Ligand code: PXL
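Next up: just one chain, as structure tokens, the form predicted on its own.
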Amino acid sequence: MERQKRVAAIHDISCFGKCSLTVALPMLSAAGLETCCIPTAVLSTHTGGFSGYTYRDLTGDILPVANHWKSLNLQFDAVYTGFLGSEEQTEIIWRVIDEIATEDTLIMVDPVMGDDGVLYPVFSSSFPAAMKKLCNRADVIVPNMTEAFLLLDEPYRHGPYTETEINDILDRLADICPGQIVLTGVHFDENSLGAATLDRKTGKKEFVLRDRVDGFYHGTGDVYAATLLSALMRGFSLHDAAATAADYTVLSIVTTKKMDKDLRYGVNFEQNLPTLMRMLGRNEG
């Protein structure tokens, strides 16, 4: 029997709304990965479309958890970071990586900062520079287009984009991150949407595009990133992992659209988890 791989997921917990840890934990577990978590904050709901939500900062708890794990000599195959609530937290994650990661640990950073050209209001204008430093430590980064421009310290440009523009962004992101790059939210027309990848192992740039589904669905970035990491942990190439992530994200969106539910409540990724297991080669009868 193959050894079970272990992932440390470092995100916030939004108690309602399907994002961050409430997406990462079930999805990575469905992929067969032992998933451990370090919550960065606890919110009553996610911040997209809800007002009056509660917010409990857990900055002071992050490093003690990592220190305890180190004392237990726990080994991790991947460290996966998502929403970090402050510049201080990005600096603490450096220390967490030092505590629990080895040379063989995959460090994946989803530089959660904004969407649709706008920095999330919980962040100061100096936060992207702090996230940029963390990306410098990563083996894989998964920015959306908004986050890519924030990392590059450039004004946001709405798409559609050209292949030349996207290739140029990938090249400049490569100056920030020494590892693999998956850029989401890429589109060359209004009918498709997907990702661009830069595989530093091969030097290849590739595109993964799917038909666009109308609407804005909360949590899709987390669904995409969790699927991507799951596939990478199961030995998929960067391109194949990005393609699998795109397919499962679209499936989750289509399922949600058919339900005609309040889109603030988050994307329905749960219903198709058996399909995800098959996509990842985990159809075990």
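Each residue number is its position in the shown sequence, starting from 1. Please read these numbers as outputs of a predicted model, since none were measured by experiment.
Keep in mind the form predicted in complex with the named molecule is missing from the figure; the text below concerns it.
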Consider residue 47 of the chain shown here, and say whether it contacts the named molecule in the predicted bound form, taking contact as heavy atoms within 4.5 Å.
-> yes
Contact flag, residue 83 vs the named molecule in the predicted bound form, heavy atom cut 4.5 Å | yes
Classify residue 9 as contacting or not contacting the named molecule in the predicted bound form by the rule of any non-hydrogen atom within 4.5 angstroms, answering yes or no.
-> no
Spell out, yes or no, whether the shortest heavy atom distance between residue 24 and the named molecule in the predicted bound form is within 4.5 Å.
-> no
Residue stretch of 215 to 223, 229 to 237, 250 to 258, 26 to 34 approaching the named molecule in the predicted bound form, non-hydrogen atom distance within 4.5 Å | 215 to 223
Residue among 120, 156, 207, 188 with a heavy atom within 4.5 Å of the named molecule in the predicted bound form | 120
140, 112, 196, 79: which sits within 4.5 Å of the named molecule in the predicted bound form by any heavy atom?
-> 112
In the predicted bound form, which residues of 148 to 176 put a heavy atom within 4.5 Å of the named molecule?
-> none
